[in-house]
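Below sits a lone chain in structure tokens, taken as the form predicted on its own.
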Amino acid sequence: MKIDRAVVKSLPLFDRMSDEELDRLLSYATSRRVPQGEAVFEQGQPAISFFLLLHGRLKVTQVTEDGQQIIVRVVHPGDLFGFAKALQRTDYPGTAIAAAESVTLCWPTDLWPNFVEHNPRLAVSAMQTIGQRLEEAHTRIREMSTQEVERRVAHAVLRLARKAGRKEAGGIRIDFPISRQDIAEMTGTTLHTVSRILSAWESRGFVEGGRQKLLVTDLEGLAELAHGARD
């Protein structure tokens, strides 16, 4: 697949690079189209590449020691991911699966130190991503230890609306296929519980659902529920 320099240049991570610097960076990259449901890499595999998402959405899952699958991160266009080298790891800590048809760029992991040395914004972006992941992990741990399930689900849906929401006439559409099972894996609960909560929200006018679709119709009401201001 040919790499479109203009698309890459439009991303905040690369918009200050000269054409010469960007061409040099892209000369080491390969692009890949990833069909929905296919894995870019799997948990425990040797981390031979790091990646940038150009288009689509990915969900990163982990299987815990007790066999439970959880979604630890959603990757959005412009995000770096799979940079295990920056985490001092030799393997991938999770599995990255295309939630929608996606396009990625990948580079050999061995090039990471050189790229960071010559492209400080890559290093800054990686550190920001690591920081965001730590903050999100702490937030989710706090939510799971102190909040009832409905509030946890509300926070998860609000995060999705903020990071992957598309405004339309009826509200904010989560802009990639999202199932109730996905939301259960994001919030450490069961499919049955999420189905019950979303059905109740639909009757209250907070959301409209469908097959792997979610429209937030009352963002303010959902935010109040998440923060405990509504019963």
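So that there is no doubt, residue numbering starts at 1 and follows the sequence shown. All values reported here derive from a predicted model rather than from experimental measurement.
Although not depicted, the form predicted in complex with the DNA is the subject of the following passage.
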Taking heavy atoms only, is L105 within 4.5 angstroms of the DNA in the model of the complex? no
Interface membership of Q212, the DNA in the model of the complex, 4.5 Å heavy atom rule: yes
Does R173 make contact with the DNA in the model of the complex, using a 4.5 Å heavy atom cut-off? no
Give a yes or no for L191: in the model of the complex, does one of its heavy atoms lie within 4.5 Å of a heavy atom belonging to the DNA? yes
Between the options Q45, T30, Q181, Q62, which residue brings a heavy atom to within 4.5 Å of the DNA in the model of the complex? Q181
Of H55, K163, R196, R204, the one that lies within 4.5 Å of the DNA in the model of the complex (heavy atoms): R196
With the DNA left out here, work out from 163-171, 196-204, 46-54, 22-30 which stretch has heavy atoms within 4.5 Å of it in the model of the complex. 196-204
